[in-house]
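Quick setup: one chain, the form predicted alone, written in structure tokens, and binding and motion questions come after.
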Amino acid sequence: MSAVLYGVLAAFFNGLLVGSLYGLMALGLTLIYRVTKIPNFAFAEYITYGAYAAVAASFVIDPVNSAALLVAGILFATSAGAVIALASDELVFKPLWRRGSEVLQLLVASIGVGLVLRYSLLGAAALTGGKYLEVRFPVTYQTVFSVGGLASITTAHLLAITSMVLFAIVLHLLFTRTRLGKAMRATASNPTLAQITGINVILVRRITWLMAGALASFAGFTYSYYNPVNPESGWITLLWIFSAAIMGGFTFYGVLLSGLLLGIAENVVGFLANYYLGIGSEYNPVIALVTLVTVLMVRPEGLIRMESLVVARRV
């Protein structure tokens, strides 16, 4: 097998992993947007805090016990993300929503929340003398399958891909097959009418933010298992997260597909551009933007229409 084919295969495998991370990250953002209509830029920081919280688990669990540390890392991450996301809504977004703020105002507010969270983490890392400026989950991933020693499938692939698919299925079933999902859809459509019909809109919001924060932080844990993270890691991935959500039409299965498409396109096209044209990886964000624009030109509603996944049935 030629070097180019090995390189393309390695890029494809890496694209599967990166794309699964994009899709996993975008699921929580999609959940928030579906219910509250907030394009939440602070979502990136929930991911970062989840990664740091997962690493913090190694302070209380012996790193030698990998299985226990993995479980503790997930619990630490999801708990931290859920609390931070809920606090964001209770302290900022919900008061603005009650005052009748429009989507643009909520978007700007989310940027402010994100800046506060990011620079709080940067400040805390600086107080340690930079020791925790860059962290990585202490359990390293293992190779499961390899082609020529260059292209590999690892336990990080299995974790990211399995988690993304599982969460997408669970969220879709939640929205289309449960009373809570019906309440979420009603709240998203018309909060006032939903409240009049007896739905506890505030409780629905709280559950939504808790779930979305936990999803974001689980993605942060998964990212820290694969790659070192720093206080700006979530912010750096925000372009791909929003691209995956928009391309997927803010549907859970659509986000899954668009995340994979972005990850594979970015890595395979990036490798070929570097190999044949000498273009560096710093231009890879252009690939994501071109992919996004191309998909939206062909299907402005995204890969999957939101309406096509809403099942009209009594729950």
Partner chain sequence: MVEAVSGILVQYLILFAAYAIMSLSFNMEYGFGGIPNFGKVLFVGLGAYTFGALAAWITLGIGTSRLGLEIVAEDEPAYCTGTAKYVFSQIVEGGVMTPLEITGITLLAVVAAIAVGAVGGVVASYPAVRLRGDFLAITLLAMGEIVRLIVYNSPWPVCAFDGLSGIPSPFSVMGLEHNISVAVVSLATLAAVYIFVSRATNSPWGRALKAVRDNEIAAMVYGYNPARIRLQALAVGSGLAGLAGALLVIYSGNVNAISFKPDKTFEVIAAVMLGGSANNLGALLGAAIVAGLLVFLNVSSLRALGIDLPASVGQALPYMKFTIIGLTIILVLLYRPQGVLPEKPLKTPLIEWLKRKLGRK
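By rigid core we mean the largest C-alpha set that fits within 1.5 Å across both forms. Note that the structure is a prediction, hence the values are computed from the model and not measured. Residue numbers count along the first chain shown, from 1.
The following text describes the form predicted together with the partner chain, which does not appear among the structures shown.
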### Query
Are all three of L5, L9 and P228 close to the partner chain in the model of the complex, meaning a heavy atom of each within 4.5 Å?
no
### Query
Is G112 close to the partner chain in the model of the complex, meaning a heavy atom pair under 4.5 Å apart or at it?
yes
### Any non-hydrogen atom of P39 within 4.5 angstroms of the partner chain in the model of the complex
yes
### Task
May I ask you to state whether P63 is within 4.5 Å of the partner chain in the model of the complex, using heavy atom distances?
no
### Message
At 4.5 Å between heavy atoms, is A126 in contact with the partner chain in the model of the complex?
### Response
yes
### Message
I need the one stretch from 157-165, 212-220, 237-245, 69-77 whose residues put non-hydrogen atoms within 4.5 angstroms of the partner chain in the model of the complex.
### Response
237-245
### Message
Between V147, V144, I202, V116, only one gets a heavy atom within 4.5 angstroms of the partner chain in the model of the complex; which residue is that?
### Response
V116
### Message
So the partner chain isn't shown here. In the model of the complex, which residue out of L122, V170, A87, I153 has a non-hydrogen atom within 4.5 Å of it?
### Response
L122
### Task
Enumerate the residues of 81-97 that have a non-hydrogen atom within 4.5 Å of the partner chain in the model of the complex, in sequence order, or give none.
L91, V92, P95, L96
### Message
V290: after superposing the rigid core, is there a C-alpha shift of 2 Å or more between the shown form and the other one?
### Response
yes
